[in-house]
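Heads up, the chain below is alone and in the form predicted alone; it's given as structure tokens.
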Amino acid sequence: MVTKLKSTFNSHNPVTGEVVGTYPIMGKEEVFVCVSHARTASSKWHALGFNARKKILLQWSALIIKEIDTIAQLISLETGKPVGDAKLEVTIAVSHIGWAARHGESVMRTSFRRPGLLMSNMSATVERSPMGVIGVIGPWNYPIFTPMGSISYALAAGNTVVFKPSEFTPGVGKWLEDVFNEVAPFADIFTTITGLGETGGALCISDIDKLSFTGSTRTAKLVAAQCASVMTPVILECGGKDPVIVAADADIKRAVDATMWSAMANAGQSCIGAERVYVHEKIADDFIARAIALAATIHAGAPGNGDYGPATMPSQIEVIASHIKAAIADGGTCVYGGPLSVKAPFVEPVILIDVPEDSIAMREETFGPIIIINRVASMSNAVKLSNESNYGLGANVWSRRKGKKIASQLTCGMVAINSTFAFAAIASLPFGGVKDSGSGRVHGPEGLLEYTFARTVVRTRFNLPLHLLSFSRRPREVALVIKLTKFLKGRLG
């Protein structure tokens, strides 16, 4: 629940409804001023150089870890997730700060390219420079880990950042700014702006050089349209309907344990969480029985009482309930839990089987502790069904011998073989999706380069007797180039 009071709004504990904090709703003018200040600071931040920026970012990460109990408690209050889950999220976020800080210089190092025979007298290089000011709009489900995948990489690349956290977790965003400012050499390097949707909209049309957005596909389309109106490029990390493929030769015990955790952890509020399982019919009964047994040991509850917490965003309860009802109405069967599992603000585990592929429960992101298990006769059919989704974020494959072969056929940005979520925790790997799951990448070298622009530089090392780029060019010089091109079959470059 978000309560708007004149020019301020409150964040609430989703378990109790109690107010966690009160924050200003920043309007268009205030947002533009923040971006202007970040613009002024950007040249100084860039001028510090990689080593100085690395030192500052590593000091920031050290301070976050030192205060992990404080930030984990705040994350738990604003999201309702267990404190242990919040601490794990913080540690992964910090690892990304460290990786970005340590690898910024090597990833952005000037690269030398072969100029080719025709241009052999030229030096050809590509330089990478920071874009300037990066806007980041973050989500509420992982309020420190997810935005840090943009913030830390943008800062390491030499940009300043203006961050708009979700209205459900503004305290986390403000805390990050406050802690950064304890180590910052000057103001306006990293700024947090608070507010509702209008605040994020103002950031989209402000004088930023790129926007990194994480959220629903529906909101991403609105964000992209606003940014397009002012020609601001975007990175979009959106939702998913992530499939799990379980082959007949899978380690069933591990597959069930990982899949249920993927589906239920964080109350199912993970864009890369398992939502649909395609299990080979030979082992389906065993897989389902084990999943039911495990579900019986998992319970929702307040931090300290439950294995996972509530639905952080109250409106998501309606979506979850409607998907359960739709799955049943379309011919699916609840083998564990059902409509009565929805007990706002909590949702107990629900396992559905044999849900038709055209059901909305199979097509749209549920974002709750619900898992659908369908039987398949072959892995080729599992791949086909997985790829027919409009989403293409992550996937999991369970097979002792065929994991790589299956994974290579999936149309998605990330695949974990005999594991789950691992790609999110490995800082050197790019994170992102295709189709309605978004565009662009965060994390890894690709994530650093997203916040830079390429500058091509060519330099004459010595003069050739040819005058191809001149009005004094002679016909015989053109004839020579044509002759060489034919002889080398176009391999002049």
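All residue numbers refer to positions in the sequence shown, first residue = 1. Treat the numbers as computed from the prediction; the structure is a model and nothing was measured.
From this point on, the text means the form predicted together with nicotinamide-adenine-dinucleotide (NAD), which you will not see here.
Using heavy atoms and a 4.5 Å limit, would one call residue 413 a contact residue for nicotinamide-adenine-dinucleotide (NAD) in the model of the complex?
Residue 413 lies outside the contact set for nicotinamide-adenine-dinucleotide (NAD).
Using a 4.5 Å heavy atom cut-off, state whether residue 365 contacts nicotinamide-adenine-dinucleotide (NAD) in the model of the complex.
Close contact exists here: in the model of the complex, residue 365 approaches nicotinamide-adenine-dinucleotide (NAD) to within 4.5 Å, heavy atoms only.
Using 4.5 Å between non-hydrogen atoms, is residue 166 touching nicotinamide-adenine-dinucleotide (NAD) in the model of the complex?
Taking the distances in the model of the complex, the answer for residue 166 is yes, it comes within 4.5 Å of nicotinamide-adenine-dinucleotide (NAD).
Tell me, yes or no, whether residue 201 is in contact with nicotinamide-adenine-dinucleotide (NAD) in the model of the complex, where a contact means a heavy atom of each within 4.5 Å.
Contact with nicotinamide-adenine-dinucleotide (NAD), yes.
Is it the case in the model of the complex that 158, 235 and 451 each bring at least one heavy atom within 4.5 Å of nicotinamide-adenine-dinucleotide (NAD)?
Zero of three within 4.5 Å in the model of the complex.
Given the stretches 123 to 131, 191 to 199, 321 to 329, 285 to 293, which is the single one in contact with nicotinamide-adenine-dinucleotide (NAD) in the model of the complex, using a heavy atom cutoff of 4.5 Å?
It is the stretch 191 to 199.
From the list 74, 300, 353, 313, which entry has a heavy atom within 4.5 Å of nicotinamide-adenine-dinucleotide (NAD) in the model of the complex?
Contact check passes for 313.
Which listed residue (80, 243, 239, 104) meets the criterion of a heavy atom within 4.5 Å of nicotinamide-adenine-dinucleotide (NAD) in the model of the complex?
Selected option: 239.
Sequence order please: the residues of 138 to 152 with a heavy atom within 4.5 Å of nicotinamide-adenine-dinucleotide (NAD) in the model of the complex.
Sequence-ordered list: 138, 139, 140, 141, 146.
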